[in-house]
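Coming up is one lone chain in structure tokens, specifically the form predicted alone.
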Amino acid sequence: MERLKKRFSLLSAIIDALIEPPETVGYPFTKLELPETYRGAIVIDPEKCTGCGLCVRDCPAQGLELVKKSRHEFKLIHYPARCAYCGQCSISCRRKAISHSNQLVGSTSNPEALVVVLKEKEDEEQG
């Protein structure tokens, strides 16, 4: 009797799989609809960034690096391969210079694409 139940359950599952639409999405062949709250690629507003380093300090994955030459000369570097896309950098930024876009972060075989300079500010006097 137990074997009959198992067979009926399996047959029922097969019929359901044939009738119901697939659970998967058609990406990359169709456009993927992401929710508005999706934390994708990191975006920076260079006008707001002052190079304070709060985002770097609070990043749990060490996905950000701040290279400072002087107070007004710095470079903010993002490492997408390290990033957990947790949103802590945007929470820590007091000036709201860092945010997440609604775009997927693509994979790459190009090593240079694994390091992104978000902001590079040189001293205006040298300019």
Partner chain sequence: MQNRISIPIGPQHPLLKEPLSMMIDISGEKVLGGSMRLGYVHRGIERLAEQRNYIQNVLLIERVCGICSHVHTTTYCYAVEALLGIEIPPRAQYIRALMCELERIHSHLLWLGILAKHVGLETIFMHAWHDRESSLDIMEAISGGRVSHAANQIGGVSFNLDKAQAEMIRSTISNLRTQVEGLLNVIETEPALHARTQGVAPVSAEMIRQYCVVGPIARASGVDIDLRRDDPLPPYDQLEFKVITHADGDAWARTLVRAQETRESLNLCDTIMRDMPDGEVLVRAPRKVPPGEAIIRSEAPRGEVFYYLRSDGSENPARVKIRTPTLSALSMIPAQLAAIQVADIPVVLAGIDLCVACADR
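Take the two forms, find the largest set of C-alpha atoms that superpose within 1.5 Å, and that set is the rigid core. This is a predicted model, so every value here is computed, not measured. Numbering follows the first chain given and starts at 1.
Omitted from view is the form predicted in complex with the partner chain, to which the following refers.
| Contact at Ser70, Tyr79 and Lys119 by the partner chain in the predicted bound form, all three, heavy atom at most 4.5 Å | Contact check failed for every one of Ser70, Tyr79 and Lys119.
| query | Do Lys75 and the partner chain share at least one heavy atom pair within 4.5 Å in the predicted bound form? | reply | Lys75: no, not in contact with the partner chain in the predicted bound form.
| query | Wondering, does Glu112 line up within 4.5 Å of the partner chain in the predicted bound form on heavy atoms? | reply | Flag for Glu112 set to no.
| said: Is Thr37 part of the interface with the partner chain in the predicted bound form - any heavy atom within 4.5 Å? | reply: Yes, Thr37 is a contact residue.
| message | Just checking whether Arg94 would be counted as a contact of the partner chain in the predicted bound form - the rule being heavy atoms within 4.5 angstroms. | response | Answer yes; at least one heavy atom of Arg94 falls within 4.5 Å of the partner chain in the predicted bound form.
| message | Please identify the residue among Leu66, Ile44, Ala41, Cys59 with any heavy atom within 4.5 Å of the partner chain in the predicted bound form. | response | Selected option: Cys59.
| For 84-98: residues with a non-hydrogen atom within 4.5 angstroms of the partner chain in the predicted bound form? | Contacts from 84-98: Ala84, Cys86, Gln88, Ile91, Arg94.
| Per-residue C-alpha change between this form and the one not shown, Asp16, threshold 2 Å, rigid core fit | The answer is yes, as the C-alpha of Asp16 shifts between this form and the one not shown by 2 Å or more after core alignment.
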